[in-house]
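Next up: just one chain, as structure tokens, the form predicted alone.
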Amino acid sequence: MNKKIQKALAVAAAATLTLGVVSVSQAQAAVKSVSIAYQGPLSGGEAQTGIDEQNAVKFAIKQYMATNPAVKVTLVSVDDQGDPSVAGTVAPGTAANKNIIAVVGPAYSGATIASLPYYKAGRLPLISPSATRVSLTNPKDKASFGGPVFHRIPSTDAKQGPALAKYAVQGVSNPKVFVIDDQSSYSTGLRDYVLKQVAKSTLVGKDSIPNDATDFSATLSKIKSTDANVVIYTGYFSQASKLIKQLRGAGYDGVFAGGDGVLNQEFADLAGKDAEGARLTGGTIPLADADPALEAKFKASMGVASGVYAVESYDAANIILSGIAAGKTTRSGMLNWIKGYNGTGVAGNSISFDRNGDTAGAGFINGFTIKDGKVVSKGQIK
């Protein structure tokens, strides 16, 4: 803003006060637009997760803008590739952009941990649709606790891990379970909760492989030597698709199960016939199941069907947008709005956040399977 404009505003403000007219502050009057960021993997092997989630955020903003609001909202895309090392390079710029008053994301737990120091320092509020590592909302874990800025919609891995272990062995007589993680923050956290649920008598082996590995021959040999008939993988879909193809190619015909990191249509597309029958879990519900009419509007507006964690991304965006509509156009105002929010999500679930950022209405974990090349919801795991 140049000096002439600043002077004009000052004169106008003084005149208004002299006339005794109640007015908003110059700072409030100057607010014409704000930005929401979406942070997640928008390129690289995990890009489909970010594309799916960001599409839901875009849809929510489209609906908001169609109401002709006084405050316009723009979306800033923050691509962290789902990689903590990348997240640590993009988060500083996001935190420094003062027009960004809230973030939907980060999508992944590891990327969230890497971003938190910058967002905490900038008091930038976050609502993640899919970061499930328990420590993010555990104040005893100083290294990864997200308070006071971090909030999330879904259930944590403390619920997903036991549900995944239970779902993986359903209907399997004499289960012999082999557990694999990819060494990421999300994967090792989920693995630990899976292992707590798996009976010692059924656990026959486990392995930990780097998340960029492409040759799983050593792991396949371990699985074969244990005669495992259930393999649980706690990493992400891009590596899972390679792993299951090599498993099937080596003659393994048992159950393959994975958590919400694998839960993506892209897993089925990449693995092809080898993904058929895979069992997956997630603290999410498809938008088409939660609200078929809204799914139809989504398709008409976005030109594609909604993806995984669309419901949670849409809910997160709408919490922020409702705050903007209520006049919360600063980071501090938005943070207070989120902390005091009490509403209902698309799926009819209650959404309010506890003091550490978890959602009061969370708690369910749904099961999914790959059938005829598509991700199919099987409902809540009891």
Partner chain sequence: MFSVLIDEFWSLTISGIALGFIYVLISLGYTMVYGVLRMINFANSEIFMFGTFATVVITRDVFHYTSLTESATGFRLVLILVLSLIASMLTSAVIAVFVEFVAYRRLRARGTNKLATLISAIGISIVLSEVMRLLTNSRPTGSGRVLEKISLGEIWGANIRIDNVLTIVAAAIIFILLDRFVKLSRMGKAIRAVSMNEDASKLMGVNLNRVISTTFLIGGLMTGAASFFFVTVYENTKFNIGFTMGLAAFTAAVLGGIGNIRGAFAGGIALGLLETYASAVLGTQWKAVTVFIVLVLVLLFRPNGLFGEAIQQTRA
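Residue numbers count along the first chain shown, from 1. All figures in this text were calculated on a predicted structure; none of them were measured in a lab.
There is another form of this protein, the form predicted in complex with its partner chain, and it is not shown here; the text below is about that form.
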item: Residue stretch of 94-102, 255-263, 209-217, 115-123 approaching its partner chain in the model of the complex, non-hydrogen atom distance within 4.5 Å; value: 209-217
item: In the model of the complex, the residue from K297, K242, K72, K166 that sits within 4.5 Å of its partner chain by heavy atoms; value: K242
item: Contact assignment for its partner chain in the model of the complex, among D289, D269, D192, D141, heavy atom within 4.5 Å; value: D269
item: Partner proximity in the model of the complex: G303 to its partner chain, non-hydrogen atom cutoff 4.5 Å; value: no
item: Its partner chain contact at Q170 in the model of the complex, heavy atom, 4.5 Å; value: no
item: Residue contact check: S225 to its partner chain in the model of the complex, 4.5 Å heavy atom; value: yes
item: S221: touches its partner chain in the model of the complex, heavy atom cutoff 4.5 angstroms; value: yes
item: Heavy atom distance at most 4.5 Å to its partner chain in the model of the complex, all of G44, Q183 and K273; value: yes
item: Heavy atom contacts to its partner chain in the model of the complex at 4.5 Å, residues of 233-250 in sequence order; value: S238, K242, K245, Q246, G249, A250
